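Given as structure tokens, the chain that follows is alone and in the form predicted alone.
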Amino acid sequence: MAKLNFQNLTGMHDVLPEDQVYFKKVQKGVESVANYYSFEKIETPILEYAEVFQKAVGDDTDIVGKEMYTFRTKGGDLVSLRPEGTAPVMRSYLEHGMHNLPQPVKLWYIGPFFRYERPQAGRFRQFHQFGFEVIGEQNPSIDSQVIQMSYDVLKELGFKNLSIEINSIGDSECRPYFKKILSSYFKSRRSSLCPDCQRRLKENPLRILDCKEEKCQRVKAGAPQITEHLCEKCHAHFKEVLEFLDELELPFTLNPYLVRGLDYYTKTVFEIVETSEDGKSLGTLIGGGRYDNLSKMLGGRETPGCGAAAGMERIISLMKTREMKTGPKQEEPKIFLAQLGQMAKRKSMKLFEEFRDAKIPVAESFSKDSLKAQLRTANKMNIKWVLIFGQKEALEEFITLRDMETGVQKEIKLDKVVEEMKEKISKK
């Protein structure tokens, strides 16, 4: 019989113990910023009706057209593993009547997402993402607050050379006119576009601005700029957002070709990129923008919103490459609890819990019976004190303390051991 060779599916990955410290660091940074700005945590299901994303993200987007994991359930429902977080949060806002709460509703999330794309460095088919969403307020101050929070998280994680790229993509009043101008420009250069962009030209010419193909980048460089065609309302909104960023002294540059690749975006869109010393972009870390039409796209009333999200694996990959600090290590145990015999093992487990209640870290090896093996383990861990609990000690209610540096041993009454060890650790 052939030997089974089980391994991860392509694009999936295990988060091993040595990586958990990075995930914990990112979550702690996100949670700290979210709490300071009075955001509340939300968790949406991993599975949603496929239509939630088809309506919100757009049928002609790569996410819906190529990357979603979509299938029918045994009951016949067409469902998708969530590829992004904003649409499910808005679905939850509508479903649970959050418009009745004081507005805006400020929410944050963190969790796994799924996209069927070509795996590469920092990109996986199952990945983790965190995000901030503010729903129910259209004031430009919200846009700048979301940008500030995103920037704060990256600074807290240790990133230094950051720049905010920002643009406005208008709204339903001014964008249709700009699309015609853009379409006319690209039609005259159709043969210079990649096959995907030739298709996008028919469906949504704005998508061409988001293409990363080099040949399309060259054509894009001469394209009309939407900021020159904004309606009065969008122009005023964008001007105020930039004034807020100026006041906050955040480093930003106008990128007239930034569109973000999802249908629900309106007005402000932004990305925070890391830059090299000569100012070149090294890639996007966080992106987001305003989505004032999303509620209506999902069948709700007109409700403004603004948010941002980031893939954690890419951020963590850079943190590991740069050897960024992940914070203080968990306190190493200075005590090892060794035991011999079943009665001693049972009582040792109870004693171990007493140490835990007292918040004193203690190492143990309950699975081993040999005292010699346990002392060898304690020695490898550079532990100073070993508490030896054998049959005699268990019967007579005392424990033997051995100083591993001097070899000196002493007996301590069982009901005094936690207090005495606490005192020894504090002195050391």
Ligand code: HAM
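Nothing here was measured: the structure is a model prediction, and the numbers come from that model. Numbering starts at 1 and follows the sequence shown.
The protein also exists as the form predicted together with the named molecule; that form is not presented, and the subsequent description refers to it.
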- Message: Give me the residue from A309, V219, V105, L81 that has a heavy atom within 4.5 Å of the named molecule in the predicted bound form.
- Response: A309
- Query: Though the named molecule is not shown, can you say which of A50, L387, A34, I63 has a heavy atom within 4.5 Å of it in the predicted bound form?
  - Reply: I63
- Message: Only one of these stretches, 286-294, 190-198, 244-252, 97-105, has heavy atoms within 4.5 Å of the named molecule in the predicted bound form; which one is it?
- Response: 286-294
- Message: So, T326 and the named molecule: in the predicted bound form, are they within 4.5 Å at any heavy atom pair?
- Response: no
- Query: Going by a heavy atom distance of 4.5 Å, is Q129 a contact of the named molecule in the predicted bound form?
  - Reply: yes
- Is the gap between E117 and the named molecule in the predicted bound form 4.5 Å or less for some heavy atom pair? yes
- Message: in the predicted bound form, is there a heavy atom of the named molecule that lies within 4.5 Å of any heavy atom of S150, even though the partner is absent here?
- Response: no
- in the predicted bound form: members of 86-104 within 4.5 Å of the named molecule, any heavy atom: T86
